[in-house]
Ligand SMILES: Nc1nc2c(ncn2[C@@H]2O[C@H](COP(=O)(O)OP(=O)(O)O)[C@@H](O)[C@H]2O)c(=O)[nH]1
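Presented below, as structure tokens, is a lone chain in the form predicted on its own.
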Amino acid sequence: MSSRLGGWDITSKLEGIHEGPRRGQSSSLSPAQLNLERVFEQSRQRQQQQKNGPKAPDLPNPGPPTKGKPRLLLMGQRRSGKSSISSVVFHKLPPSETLFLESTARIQKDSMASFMDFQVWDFPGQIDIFENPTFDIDAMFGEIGALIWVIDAQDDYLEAVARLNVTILNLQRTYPNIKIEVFIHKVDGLSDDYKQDIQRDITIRIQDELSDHGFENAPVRFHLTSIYNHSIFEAFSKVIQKLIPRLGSLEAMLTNLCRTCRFEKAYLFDVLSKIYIATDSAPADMASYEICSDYIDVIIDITEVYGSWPRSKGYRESLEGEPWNQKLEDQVASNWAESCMVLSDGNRPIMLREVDKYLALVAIMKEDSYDKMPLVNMNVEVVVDGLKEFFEITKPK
């Protein structure tokens, strides 16, 4: 199959992905991102050596190997909802059952077998790591992907903000490139105006404190979250996307696919957590994300019950006859995980296509665009091949 999608050469696009970090770029990257860049460069050089054969010249050493998996640290006050967030997002615990979770007494470390292996560390709220000499701060924050500080919006948050300010000031002096993500949590049931007032107040308190200590434009971002809707998955999506090398190339692939196939929106999902790791350049739409996320749940539930099913010889012949006159394998993009349904409002199809056992491409198409499904499947197949190559070269060997 040609590697061109609507006049766009995926091969040349991926060659642009293979470029290493530019000169001076490392000053703006965290240690975890630098580790990912080193893995990316090592994989690229390994593939280049295989292409050139055994006589290929020695390539320069890109640096020491990565020490471990990138980490997401969940921190905050007691009963702020850290364990509930981790259980709902990464362990598929129903939100209603989080009421029975016990308070975290010690650090919980979870390794996520996903498209990109990473760890989630859940810290007890009563522990102050900077006043406890038994903690190795460098080992804890040396390979951090992001620090997620959870604040309970339904409680008095002044002490939580004060502790967060102390944490940011300590980290900025030693690890200035660490990304700080503030989850203003438990906002379900609050009015929109009250949510915005709380976010504005917390933002001002943190920024003023950092400015008083000489830290302008610190890398702190704020998210309004709740485990009872998709806002927590949206926030984690933004966090995970910072750990992906060359994210812009993934977004370019999806944007061009939407333009070529007339998709309204396309997402690349991590199937396990329902976090989307990339989307096209169109403005984010929470409603479309919720539909695609729920669709993945439906497909997973059906697959767990029924699995794949064999087609009889007579049925295959009927599918391969008129009007298509093609083998079934040439009519569908994937024999194992492909699905398409049509929404009742506007006749807009939603298409799901598996990339690998961890990733799925989900797209919302425009009205009546399913009339051109064979052409759409061909274009999607080309993009899926490009996505597989992208994640193959970024995978540690």
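Everything numeric in this text was worked out from a predicted model, so none of it was measured. Just count from 1 along the sequence shown to find any residue number.
Just so it is clear, the following notes concern the form predicted in complex with the ligand, a form of the same protein that is not shown.
If you superimpose the site C-alphas and bring the ligand over from its pose in the predicted complex, none of its atoms is within 2.4 angstroms of a backbone or C-beta atom of this form, and that means open. Although the partner is absent here, residue 228 sits close enough that one of its heavy atoms falls within 4.5 Å of the ligand in the predicted complex.
Within this chain, residue 101 lines the site of the ligand in the predicted complex, having a heavy atom no more than 4.5 Å away. At a distance threshold of 4.5 angstroms between non-hydrogen atoms, residue 81 is in contact with the ligand in the predicted complex. The shortest heavy atom separation between residue 155 and the ligand in the predicted complex exceeds 4.5 Å. Stretch 91 to 99 is the contacting one of 246 to 254, 168 to 176, 91 to 99, 210 to 218, since its residues have non-hydrogen atoms within 4.5 Å of the ligand in the predicted complex. Proximity to the ligand in the predicted complex, taken as a non-hydrogen atom within 4.5 angstroms, holds for one residue of 188, 117, 320, 264, which is 188. Between the options 237, 288, 77, 273, the residue in contact with the ligand in the predicted complex by a heavy atom within 4.5 angstroms is 77.
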